[in-house]
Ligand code: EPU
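Listed next as structure tokens is one chain, alone, in the form predicted alone.
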């Protein structure tokens, strides 16, 4: 375990904004967690766990607690009768795992290629893209419980998975150390998503996990700014989930705007429909490329919020609030952020001492 003081949060998050963290502890094995928690308790400080900081808005005021930077490695494969099991350390970069699965011609994770972040963050957010969600291939999640000082493995059906959500997002005392996935040696392409349909029509090979993964990465690359020049957390908001009645009313209200496209795209979810917020921002509200000060919506994908090099967390929040209000005023839909404030993930031991 390494300890650093007064570390810029802009170095730890992909939005590249925020003040400094009081302490940053880098963890390279589960065995280091008890010592890290003892460090926080002795000083009476709260902690947050970060992977690559790709879904976090760090405050300009900084974080007066401890950031546990998860860098636990490891990728173990084992064979079962009808599937392959992968046990992956929480600090492994997500796309590194996706590429490793593709190198073994294993199906299940290919549509999630190119997503930034670590394996340990994937179940927290229940990451999803191109018609796939990670919970469908998770077998179990191993955690260290900061409340009782015990490690345990939580099976998938106890993880509370839903759209971009899980129990881990709301129980920050559960520190994820590894995730077990179930992948299939035999599978078939899932290419019924618009971008993949277009890629296939353009002649792209989508016959293997590796080929699909590379195509997904190409599609994603076109929807993101140059990360060397800008900060971004990718898709900043969740896609709205509506009742059929609300969807029909929205379609009627904007029938002129959507006429060239036939209809507002929808994806069925149990009892409701999910619609792409990017379509609302672009086709209904004309906000593609909308700028507010040093922040803007990316021209190639209006769901992606981008921060110039000199932007602050307050600037990012101001743009997000502006978008939230415009969407609500125009559609009556209250959109929800996918990106969370750093302190949302905070855990504080109420029995800890206080730093003097």
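Positions refer to the first chain, counted from 1. Keep in mind the model is a prediction, meaning the values are calculated, not measured.
Missing here is the form predicted together with the named molecule; even so, the following discussion is about that form.
Taken together, 279, 282 and 301 are fully in contact with the named molecule in the model of the complex: each brings a heavy atom within 4.5 Å.
Checking 190-198, 85-93, 243-251, 168-176 against the named molecule in the model of the complex, the stretch whose residues place heavy atoms within 4.5 Å of it is 190-198. Within this chain, residue 138 is remote from the site of the named molecule in the model of the complex, having no heavy atom within 4.5 Å. Heavy atoms of residue 233 reach within 4.5 Å of the named molecule in the model of the complex, making it an interface residue. A residue is said to contact a partner when one of its heavy atoms sits within 4.5 Å of a partner heavy atom; residue 265 meets this definition for the named molecule in the model of the complex. In the model of the complex, at least one heavy atom of residue 164 sits within 4.5 Å of the named molecule. Contact with the named molecule in the model of the complex, judged by any heavy atom within 4.5 Å, is made by just one of 72, 273, 258, 129: 129. This chain is drawn without the named molecule; in the model of the complex, the residue among 97, 237, 144, 181 with a heavy atom within 4.5 Å of it is 237.
Along 325-347, a single residue, 338, places a heavy atom within 4.5 Å of the named molecule in the model of the complex.
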